[in-house]
Structures are given as C-alpha cells and as structure tokens.
Ligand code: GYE
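One chain is shown next in structure tokens, namely the form predicted alone.
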Amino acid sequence: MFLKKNTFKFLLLTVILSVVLSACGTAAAPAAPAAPAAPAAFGQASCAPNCTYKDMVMCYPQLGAESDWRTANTASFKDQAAKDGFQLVFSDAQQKQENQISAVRACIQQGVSVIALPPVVEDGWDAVLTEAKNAGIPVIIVDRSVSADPSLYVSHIGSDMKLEGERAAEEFNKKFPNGAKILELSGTTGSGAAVGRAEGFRAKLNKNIEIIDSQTGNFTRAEAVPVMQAFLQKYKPGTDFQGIFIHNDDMGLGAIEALKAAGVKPGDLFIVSVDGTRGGFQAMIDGWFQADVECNPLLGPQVAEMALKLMNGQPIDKNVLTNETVYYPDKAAELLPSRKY
C-alpha cells in the first residue's frame, strides 16, 4: 500500500512539473520582430493615402506669355485648379530663366506640395532642382525638356519635340521629292522645343532638301516679322527658296505679315508650322500653311492628376507623352470651331 501511494505521488509530481516547465517555456519564447514600416515614396504627403485636391498646393512658374499656345497652357492650369479646388501658385517669368529660378525658390520656401516647371531653356536647372529635391518637393517638368540629371525630377509630361520636327520634315519630303531649298524660322535658342524640333527636322529631312538659312524669332509674332523681312531682302521667294519650316504658329503669323507686305501670295511657298492653334488653322484655311503639326498645350488635367498620385504615394511614369497628330487645310475649316486654343 505504501509503495502504491508513493508511486501515485511521484506520478502526480511529474505531471505537475511538466505542466509548469511547459508554461515557463511558452512565456520565455521571444516574440517575432515587427516588420519595418515601408519608407514613404518621394513626394508623398502626410495625408496619404487619402489626399484630395483640396490638400494640394501646386507651384506653376510659367515661362511667359509669348504666344497663343502659352496663353492656352496657362488657362489650362488655372481652369483645372478652379475645377478641382487645389491652390495654384502662379507666376510669369517673362521669358527669363532667372525669374523662373527665383519663383521656384520662393515655392520651395513656401513648402508647396509639387512644382510643375515649364522650363524656358534646357540648361541651368541642376542647382534649383537639387534644392527642391533636398526639400522633399517633387518637380514635374512640363512641356519643354531640361538637360539636368533625371534623378532631380520625378517626371516629364508633354510633347515629343523631336517627333514634331520629324513630322514636319516628312511633309517637305512628300512635297519636294526632287529636292528644294528652304528657310527655317526657329524658336528660342536653347529651349527644349527649338532644340528638339530642329534636331528631328534635320534627322528626317531628305538630303536633297537644303536649309539655306535659319534664324530665331523667339516663338513670338513680333520678333518673327523683322526676321522674315530680313530673309526676304536676302533671298527671292520661289527662286532662292521654295518653303519655310516655322517652329510655332505665332511666328508663322508674323511671317505671313512680312510675306504679304512683300507681295507673296498664299500658296507661293510651302509652309509647315507647329502648334495647331486657332490662328494656325485660319492660316491653313487662308492658304498660307500647308500643314500644321500639333503640339497640345492643355496639360493642366494630366499634371494635376499626376501631382495627386505623388501626394498619395502612388507610382507614376517617368515620361508621359501627349497624343498628337498633323492637321491639313482640307479639314481646317471643319475643325476650327471645335479648337480650344
């Protein structure tokens, strides 16, 4: 009997000890380390992922008001801000890079959500773009391009200026299969638009078509007039040259003024312009332009949408191109009433 009682006590003690040790072992097991929080995407705002346009402050240091295209571009951003309800910090640099850089720095000091920059020229942006990046403010390059390190801005949205030049060259190639001599009225020296259009044009132009002269009219109607007048004093229309490639519609309209004054008639020269503005469409209707390569200025909606994605930490594309085409006189009268710029 004594042996049975001791055996029972021993078994009971063993069970109790096993339970205690098991409990202690569970308590002593280390907890799994918490997963580290994912780093915020560059440009992500504190309201992410629920930011709305009401939370956005967009800086838009417009390069100027040199053309109908630029006026439409400005209106696109102002209209979109009014529609979506975001704050637009707008300025006009009057075609001066130093004014744009000062405006960008003021926006950095203000701590805006995003900077949308339409650069007046390609070079000279590295320092101020670095300042914006160091401040955590994303920069979207709008319309024209920059030569700065791509890591200094989050995206470029706009037209392929080189492609526009190539499309213009194709029109001359079709018109003059046996060759010709032409003039070029180019945009602002050093600007992405002028550089890209000139490069694309020359790359695609047939070798038997010679550019005998090229001068800048700074994308303005007023400056294009004296440039065209100087061309006409130097070269005889139809004899010394048969066509003109013009980098934008406003300069094209200035060139038309000089051509009219010199007695040149619509259709005497083959003229291709770039933009697709209402003024360009009217020039096609009147017989002056034989083609107008589209460059869409209505970028406000696309830029605003991209900026909101940045604020919410969503991925965006590094390069976004607008869908564009080439317009011709046969459809100009039909399409003109529906043109928004």
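Everything quoted here is computed from the prediction, not taken from an experiment. Residue numbers here begin at 1 and follow the sequence given.
The form predicted together with the ligand is left out here; the points below concern that form.
*Asks:* Are W69, R144 and N248 jointly within 4.5 Å of the ligand in the predicted complex, each by at least one heavy atom?
*Replies:* Yes: each residue has a heavy atom within 4.5 Å of the partner.
*Asks:* Just one of A103, M228, L129, A193 has a heavy atom within 4.5 Å of the ligand in the predicted complex. Which one?
*Replies:* After the contact test, the surviving option is A193.
*Asks:* Looking at A304, C59, L310, C295 here, can you tell me which has any non-hydrogen atom within 4.5 angstroms of the ligand in the predicted complex?
*Replies:* None of the others qualify; the residue that does is C295.
*Asks:* Given that the partner is absent here, does M161 sit within 4.5 Å of the ligand in the predicted complex, heavy atoms only?
*Replies:* Contact with the ligand, yes.
*Asks:* Would you classify W125 as touching the ligand in the predicted complex, given a 4.5 Å non-hydrogen atom cut-off?
*Replies:* Answer no; every heavy atom of W125 is more than 4.5 Å from the ligand in the predicted complex.
*Asks:* Given that the partner is absent here, does F219 sit within 4.5 Å of the ligand in the predicted complex, heavy atoms only?
*Replies:* Answer yes; at least one heavy atom of F219 falls within 4.5 Å of the ligand in the predicted complex.
*Asks:* Only one of these stretches, 41-49, 61-69, 282-290, 311-319, has heavy atoms within 4.5 Å of the ligand in the predicted complex; which one is it?
*Replies:* Heavy-atom contact with the partner occurs in 61-69.
*Asks:* May I ask you to list the residues of 262-283 that have any heavy atom within 4.5 angstroms of the ligand in the predicted complex, in sequence order?
*Replies:* The stretch 262-283, when checked against the ligand in the predicted complex, contributes only D275 at the 4.5 Å heavy-atom cut-off.
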